[in-house]
Each structure stands twice: as structure tokens, then as C-alpha cells.
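Just one chain is shown here, as C-alpha cells, and it is the form predicted on its own.
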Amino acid sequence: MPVRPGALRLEAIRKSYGGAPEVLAGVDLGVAPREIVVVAGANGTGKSTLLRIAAGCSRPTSGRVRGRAPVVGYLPDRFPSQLRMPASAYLKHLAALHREDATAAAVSAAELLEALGFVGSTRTPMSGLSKGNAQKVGLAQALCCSAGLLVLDEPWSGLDAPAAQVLLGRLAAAADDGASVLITDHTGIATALAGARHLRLQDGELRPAPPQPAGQAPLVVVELWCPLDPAAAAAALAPFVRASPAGDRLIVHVPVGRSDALLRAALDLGCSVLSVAPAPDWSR
């Protein structure tokens, strides 16, 4: 079903907390219907603050937001750690807030959860789900409400490669159906979104930025010990970046956004994780 289009405008948005320096220092941003805007930036630069204001979950210190769609699909950067509501009840509650038909919303969410590879039970409390499964539930509530505006904070966080591809398709489809889409992304996966506009938040201001090449996403170095031959382990982990035998150990360079999937794959092989550290040089 096509969503209701919404046009979003953030005008001279400033945000400060107490006496601290401004997090946002006069941000102007427009997101048109059928447009995808990707915001990058270092940790702590205010990306999540910007998205909360765009979604209507936080007020700016000054400035105004205009043209926000009546229905907003919002994915926060993290869920409350003590959210004991079962996933099914959480989805039902959010569908009611979005004024969606309960039956139709449940069917749509179930279909998306299956496509994303959700495992386990939706009767499990949100606080008891893995990061990946909680992320999939969050995406289901945001993407299954016919939103005119999607505001997704690091939507690929915790997703494995197949789920990441499903999400790319859903975001493109939402934009095609008329939604305005505003996301943050540190993984580089958003470079696959054709026609997306890329911006960078730095020093409280938004600046145009070329899309970060997928191969230049920040890397972490994972050191593994595996019970099988390191060369065989490297071959098994070939979908990941530069798995290299080093004596009886394996050194893996992996994009930050795929590190969770790498660790799961390594543990499935019976490997032990010896260390995880940022790569000294983000380039390959």
C-alpha cells in the first residue's frame, strides 16, 4: 500500500544541554517525498539528537520543524535496557500509536520479521532479545505503519548480511511509495541506496558529503583462535574482510557494522575470540 507522502523541513535547528556547547548549531535540512537522506558523522556529533528532533521525540532549543508527516516510523539508536514488554505486545502497542489496523499491522510485521530472519519467539520480552532480533522488531514497527516519514537511527546495526539486503530493498520501496526517509549509517551499507543524498554532521552543522565507499567503512580487527586449521577457518569466514592466518591464530578485518555477524559466525565454528580492537587505519 503506498504511504502518505510527507515533506520535512528543519529550519535553524539548535540544541544544547545545560551549559555544554551546542550539539546542533543552526541546522537546516529538507527531506522531500521519495527522497532518502543519509547522515554520517563521528560518534557524539549529534546525529541521534538530530533524528529525535526530526521524528518529534525531542524539541530543539531553537528553530522549528515543519511539514512532518502525520505518521512517522521511528527507529531509535537503542532500546531501553529494561523494556520488559513482549515483542508482540510492543508491536501491537506501536501499531495502535500509529493508528494502524491491528490485524493488518500484525500480518505485515510478521512478514517483515520472517524476511529479516527473526528467530525465537515474539513472546520474549524486548529486554531478553539479542541485539539483532530487537533491531528487527524495531524495524518492523517502523516500516509497517504506512509512514509518510521514516527516521531510522543506524538501522543496519546488529543485522547480518541477508537482513541488511532485505532492509535496503524495503527502504528503496518506501521511498518509491512516497515516503521521506532520513537515516544515519556508520556501516557504509547505505551507499547501495541509489540516488540517496549524503550529508555529514560535524561541529554542529550539516555539510554535503560524498557517499562513503562501502570498502571504506570503519574497520575493527578481530583476533581468533579456531580449533580447525587457520587456513580452513579463513576460507569459512571468506564473506568477511581480510581473514588472514597468523600462526595458530586468525586475524580478521571487518566493517564495524558486520562485526556482530562475524563474531556469531566465528563462534559457530567453535572459535575463541581473543581480542577486538579498532583498526589503526580505516582504509583497506
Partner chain sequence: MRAFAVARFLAADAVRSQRFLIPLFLHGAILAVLFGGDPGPPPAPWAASALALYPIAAWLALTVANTEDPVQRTVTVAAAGGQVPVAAGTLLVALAGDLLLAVLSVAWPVVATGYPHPPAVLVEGLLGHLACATTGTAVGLLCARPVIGKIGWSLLAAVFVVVVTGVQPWLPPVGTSVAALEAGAGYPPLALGAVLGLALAGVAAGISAAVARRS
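Residue numbers count along the first chain shown, from 1. Every value quoted in this text rests on a predicted model; they were computed, and no experiment measured them.
Just so you know, the form predicted together with the partner chain exists too; it's not on screen, but the next bit is about it.
Legend entry - in the predicted complex, segment of 84 to 92, 182 to 190, 161 to 169, 195 to 203 with a heavy atom within 4.5 Å of the partner chain: Heavy-atom contact with the partner occurs in 84 to 92.
Legend entry - Complete contact of Arg52, Cys57 and Pro70 with the partner chain in the predicted complex (any heavy atom, 4.5 Å): Yes.
Inset, instruction - Sort through Leu152, Met126, Leu143, Ala175 and report the residue having a heavy atom within 4.5 Å of the partner chain in the predicted complex. - result: Looking at the other structure, the residue within range turns out to be Met126.
Legend entry - in the predicted complex, Leu97 touching the partner chain (heavy atom, 4.5 Å): Residue-level check for Leu97: yes, a contact with the partner chain.
Legend entry - 4.5 Å heavy atom contact, Tyr74 to the partner chain in the predicted complex: Yes, contact at 4.5 Å.
Legend entry - is_contact(Pro80, the partner chain) in the predicted complex, heavy atom dist at most 4.5 Å: Because a heavy atom of Pro80 falls inside 4.5 Å of the partner chain in the predicted complex, the answer is yes.
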